[in-house]
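Presented as structure tokens, the chain that follows is alone, the form predicted on its own.
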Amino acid sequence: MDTPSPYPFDRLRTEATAVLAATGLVAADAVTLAEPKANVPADLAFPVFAAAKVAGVAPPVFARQIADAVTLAPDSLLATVEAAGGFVNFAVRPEAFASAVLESVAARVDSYGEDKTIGAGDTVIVEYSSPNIAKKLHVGSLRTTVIGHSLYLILKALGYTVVGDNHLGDWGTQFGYILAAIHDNNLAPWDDPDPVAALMKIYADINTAAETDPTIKDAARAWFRKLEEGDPWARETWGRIITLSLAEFEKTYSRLDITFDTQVGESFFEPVLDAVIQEAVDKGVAMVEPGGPVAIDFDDKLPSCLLRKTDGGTLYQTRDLATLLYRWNEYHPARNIYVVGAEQRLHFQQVFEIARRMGYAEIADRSVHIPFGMVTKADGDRFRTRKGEVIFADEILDEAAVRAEAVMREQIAGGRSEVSESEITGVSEILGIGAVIYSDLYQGTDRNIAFDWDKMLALNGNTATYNQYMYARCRSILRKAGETGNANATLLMEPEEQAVLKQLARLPQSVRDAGDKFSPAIVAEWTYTLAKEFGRFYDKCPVLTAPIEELKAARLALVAATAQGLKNGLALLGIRVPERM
């Protein structure tokens, strides 16, 4: 299989660097190219300030000297080079650039935007979702699941060997409570039509009872000790609970089109916790205090923490430290990424610092916590039911699909949709789930996000629905056109056509930037900008009624490339596209 030519903007950077170095005024390794500001009529810029300082020449003068010395080849993608203050600006040759972009998209199709040379096969671990066993995925779980999955897809597109790790919360005293309740009351939650809901009720009820009956807490601790010691009934019941929970999780993951490479829970690391604690003590990182607890003092750098409690129990820090060391020994990852809420920021700072002090500085430095804010309603209040309980993830997805169907039926009633009655349910599911995912990702991970249903499902503005609608419009145009001849891309000279082409050409760099900054929002912004530019093109430049057939074919090729770009960008966010809307 032939290797596609380099991406157009990569070719532009390579050519610009070469012609700048050929002047003899600046070395190739001293060239740093940037994207010009929006109001500058150029496509690449070379800021000369550092080079001018070395040369001992004022930046505006040095920029003019370089621009005057540049020679462009006749077949170059670059058309002009001009000095502007302390910058040397380059503009593309529009007809050559149009051909290069359309050829690049057509050659790569679904892989357009990928750059496998970045990761080059290095292993990256992304821990995300990580729900607690015996509970359903709740609305807060959506953020870690959605963000983590998009990062997984983006890093994979960059050539990393990505390990998606669903680090399950399957260990701890809470299981002692559930086991005690099941055993002492002869309960069978697995026979309930909704077994995980039954387990949640069992846990809630026994916790409420424990508030006034201290013997229940003692029984719960005793049952957890039995679980730790391998009691056959406790282990078997615990295993059934895990199986029920995983089946429940899978219902939601299936709707989100998510699978994991590994689902290793906290229990997996239980056998090695004593050894990890002892290693920390032996290395002088932790200290055994009177009464038996093992503590770490960070010398005012961070608040102190425990690795073992007085009763011998371990903590999240202990189990995450063991997980960290296991990943280092098992995978030697280039990056070890945790997509976990912002409230755990201190926790990960402590875990990484402990590892560093134990002599594992390399994995500590390669570990990254991607914090994220809360999910709230449009008024800023938390999502809760009337009883004050958390809303489940599937309830959010169900509501989104119902509201998306209402939007679709309104479009159909107004004669603005091609969707048939038999397609409504499937399209509504795609639109609803896409709206939930995009509403999270486009805002960035560091913010709290508010669910405003009307905004999320709007057919205009920065929404998944708008992006999906533009994709569906592209597909509709192509269906109406039927067979088309060969496209002469050099005819695409209108400003609106060039704007779409240039935005298409930016996808590879947007994917690189998103991977470098662990920010799916960068891809979301690229996708929205492409949809907007396509809308402007469609309004200004007739496609099916273009004045000549050759121009029609060229514009149809641009429509097809835009559809591919929108599909690829949304796919990196974990969002599907409908063929009709």
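Source: prediction; values computed, not measured. All residue numbers refer to positions in the sequence shown, first residue = 1. Take the two forms, find the largest set of C-alpha atoms that superpose within 1.5 Å, and that set is the rigid core.
A second form of this protein, the form predicted together with the RNA, is not displayed here; the remarks below concern that form.
- The stretch from 508-516, 66-74, 23-31, 36-44 that comes within 4.5 Å of the RNA in the predicted complex, counting heavy atoms only, is 36-44.
- Contact with the RNA in the predicted complex holds for all three of 132, 305 and 309, each having a heavy atom within 4.5 Å.
- When you look in the predicted complex, the only residue of 187, 499, 118, 459 with a non-hydrogen atom within 4.5 Å of the RNA is 459.
- This chain appears without its partner; in the predicted complex, the one residue of 418, 274, 231, 218 with a heavy atom within 4.5 Å of the RNA is 418.
- Mapping the unseen interface onto this chain, residue 541 counts among the residues with a heavy atom inside 4.5 Å of the RNA in the predicted complex.
- With a 4.5 Å cutoff on heavy atoms, residue 315 counts as touching the RNA in the predicted complex.
- Looking at residue 171, you'd find a heavy atom of it within 4.5 angstroms of the RNA in the predicted complex.
- In the predicted complex, the RNA lies within 4.5 Å of some heavy atom of residue 469.
- Contacts of stretch 263-300 with the RNA in the predicted complex, defined by any heavy atom lying within 4.5 Å, are made by 266, 289, 293, 295, listed in sequence order.
- Annotation: Cα of residue 222 displaced by at least 2 Å between this form and the one not shown, core superposition.
- When the rigid core is held fixed, the Cα atom of residue 377 travels 2 angstroms or more between this form and the one not shown.
- Comparing the forms between this form and the one not shown on their rigid core, the Cα displacement of residue 107 stays under 2 Å.
- By 3 Å or more, the C-alpha separation between residue 395 and residue 456 shrinks in the predicted complex relative to the form shown here.
- Between residue 459 and residue 395, the C-alpha separation shrinks by 3 Å or more in the predicted complex, relative to the conformation displayed.
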